[in-house]
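Encoded as structure tokens, the following chain is the form predicted on its own, with no partner shown.
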């Protein structure tokens, strides 16, 4: 495995602040959709290998929990080829929590998939738009697709399915008070994107 380009301390702090702002916008969009208060975690930003990803995510999701997920590719043609994919992970209990808030029947898999796609579009769109607004340029998306339904984390995030060896991981956890709703938005950017992202962050720091 080749060495991965890393960030300076200033670049990492700058990226952390960019993500903080973007995740707040995404949380606000989710709260408006569900009509309730949404709790946000402090975003985690780290460099990971594909073989380590399930273990890294399991620290917050739990070892034995089955989850469902939606994936959506993104790219920015105007910012040095920055690209990656967003994966939104849901605990099984989240479907009933969303259904109760939205007065929606979640007993069928098709309805659960609809809830996932709608919620993922809201979170991913708001977060990535919030990031791109701060970094400059516009972001484009591929159509969202279901990565898995009621699966183990290792099955969903198997290295052979990811298409990269090393990546920048941005992880944001969302939850609701008094309801069993747990959702994690994961942004994954492969190694070639990190070089472009370093340049963008350096430009922002020079403008301060």
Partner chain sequence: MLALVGSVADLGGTHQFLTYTQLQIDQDPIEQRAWTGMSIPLLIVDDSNMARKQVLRALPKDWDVEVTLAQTGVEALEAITQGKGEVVFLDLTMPELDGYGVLTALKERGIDPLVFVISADIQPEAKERVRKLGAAEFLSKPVDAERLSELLARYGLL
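Only a predicted model underlies this, so the values are computations on that prediction, with no experimental measurement involved. Residue numbers count along the first chain shown, from 1.
Not pictured, yet referred to below: the form predicted together with its partner chain.
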*Touches its partner chain in the predicted bound form: residue 155 (any heavy atom, 4.5 Å)*: no
*Contact label in the predicted bound form: residue 192 to its partner chain, heavy atom within 4.5 Å*: no
*Given that the partner is absent here, does residue 188 sit within 4.5 Å of its partner chain in the predicted bound form, heavy atoms only?*
no
*Is residue 199 one of the residues lying within 4.5 Å of its partner chain in the predicted bound form, judged by heavy atom distances?*
no
*Can you pick the one in 55, 41, 145, 66 that has a heavy atom within 4.5 Å of its partner chain in the predicted bound form?*
41
*Among 165-173, 179-187, 45-53, 30-38, which stretch has residues with heavy atoms no more than 4.5 Å from its partner chain in the predicted bound form?*
30-38
*Stretch 8-39: residues contacting its partner chain in the predicted bound form, 4.5 Å heavy atom cut-off*: 10, 13, 14, 17, 18, 20, 21, 23, 24, 25, 27, 28, 31, 32, 36, 37, 38
